[in-house]
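Here you get one chain, nothing else, as structure tokens; it is the form predicted alone.
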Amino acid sequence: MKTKVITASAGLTRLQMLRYPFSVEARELSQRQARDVETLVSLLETSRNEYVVEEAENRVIAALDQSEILTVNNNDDRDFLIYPTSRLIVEKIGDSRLKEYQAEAESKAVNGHLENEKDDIVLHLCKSAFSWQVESTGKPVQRASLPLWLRTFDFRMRFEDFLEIAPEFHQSPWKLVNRYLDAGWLPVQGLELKRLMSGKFKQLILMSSLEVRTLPARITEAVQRVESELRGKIKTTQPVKITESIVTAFPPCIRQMHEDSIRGKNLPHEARFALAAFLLKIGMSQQEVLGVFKSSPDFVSSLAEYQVRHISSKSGGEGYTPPGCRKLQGNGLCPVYQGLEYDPLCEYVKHPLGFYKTRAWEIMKGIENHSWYASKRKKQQSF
């Protein structure tokens, strides 16, 4: 597939640098003022930089409230210290759930800004910030010689760069096996590339860490206020407690989804559906199921209620049946299939509900020796 390479003819504007704090230009401006964490902390001690702390606190609170992160542009280079200061606050608190909220909100903000960005800026950010190899496929008229189904793709990128982020998205189109691949290059839509970029920014936040020591009074007060907000949110979104015996009977896939959800991790759509359908089928109420998802950074009460109600009311009130093992394996949701966990019962059942029914019976009877599987049942699947 022949392509026309577009390179950025100029750098970013000031507003673009503020919108994309991961950009080389934004990081350079920030580091000119504070080359490291200690320098940043020293700057934040002075009263003239109090607005930086205030705006950084507002940025973290917005992430915690799942509201829009606003771009502060006072035409002052200290504006570029607001984002690293917000990261400083989150790292000082050290709560993984808060970090997940921040990463999700910052990623969404970037994705929103990228929607209206021109191709040359998108390519510039991909190359300079992430070192990705991405090229434009040219204007529609230039794609006329391509096969019809390829003409709608705006870009192509190296598969290695695609795989940095795509595995985080569990929908079928993000699986490499479902993509067209030509000599290591694969075509991507503009919206797909922008989602990959915002996903990369989220990944950078989640994987980064700052060594935070003693902080000045101003930022310590900000930390305390955010901690208070966080405690209040955790208190109001505390998921329903499930007894130990019930969790013990969960198959490895459902147990992992359940643990990730109550810890505040965003689950892919397929995992949310599977977990909700499973919990409803074993007898949990709609409100109890909602409680399991309330810690997710992107939780929206009205939407979640509609989805859970829809899952439970299918087929005249019987509800949807959760997907079987083969489907979960195909969606990358089976830790046994991935070699991350092992349970001998998984070899003898093909559905999470079958696993739950059998394991619950074992627990009730006090059975710990699983050798009866081989004598009573035939293996249904192998890993």
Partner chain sequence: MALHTQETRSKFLQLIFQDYYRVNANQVDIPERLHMREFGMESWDYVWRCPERRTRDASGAEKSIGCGQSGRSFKKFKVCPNCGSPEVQMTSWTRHLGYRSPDALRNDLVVSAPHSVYHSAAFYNIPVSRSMDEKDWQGAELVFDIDADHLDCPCSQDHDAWRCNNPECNEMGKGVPAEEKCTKCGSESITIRRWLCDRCLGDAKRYTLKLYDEFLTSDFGFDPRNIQLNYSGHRGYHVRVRDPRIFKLDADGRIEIVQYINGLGFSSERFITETSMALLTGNIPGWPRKLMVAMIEFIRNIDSYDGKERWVEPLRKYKTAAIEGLLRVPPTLRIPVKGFLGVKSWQEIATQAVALYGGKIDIPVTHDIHRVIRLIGSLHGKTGFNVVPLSRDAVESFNPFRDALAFTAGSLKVRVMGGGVEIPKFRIGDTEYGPYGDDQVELPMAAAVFILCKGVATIE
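What you are looking at is a predicted structure, and each value in this text was computed from that prediction instead of being measured. Positions refer to the first chain, counted from 1. Rigid core: the largest C-alpha set superposing within 1.5 Å between the two forms.
The form predicted in complex with its partner chain is left out here; the points below concern that form.
Comment: 304-312 is the region of 304-312, 68-76, 134-142, 83-91 lying near its partner chain in the predicted complex, near meaning a non-hydrogen atom within 4.5 Å. The three residues 179, 184 and 329 all sit with a heavy atom within 4.5 Å of its partner chain in the predicted complex. Interface residue remark: residue 147 is counted as part of the site for its partner chain in the predicted complex, having a heavy atom within 4.5 Å. The closest heavy atom approach of residue 113 to its partner chain in the predicted complex falls outside 4.5 Å. Looking at residue 104, you'd find every heavy atom of it more than 4.5 angstroms from its partner chain in the predicted complex. Its partner chain is not shown here, but in the predicted complex it comes within 4.5 Å of a heavy atom of residue 263. Scanning 163, 206, 282, 246 against its partner chain in the predicted complex with a 4.5 Å heavy atom cut-off leaves one residue, 163. This chain is drawn without its partner chain; in the predicted complex, the residue among 255, 175, 127, 225 with a heavy atom within 4.5 Å of it is 175. Relative to the superposed rigid core, residue 95 undergoes a CA displacement smaller than 2 Å between this form and the one not shown. After superposing the rigid core, the C-alpha of residue 331 moves by 2 Å or more between this form and the one not shown. For residue 27, a C-alpha deviation below 2 angstroms is recorded between this form and the one not shown after rigid-core alignment. In the predicted complex, the Cα-Cα separation between residue 339 and residue 178 shrinks by 3 Å or more relative to the displayed conformation.
Panel note: the distance between the CA atoms of residue 326 and residue 176 is smaller in the predicted complex than in this form, the difference being 3 Å or more.
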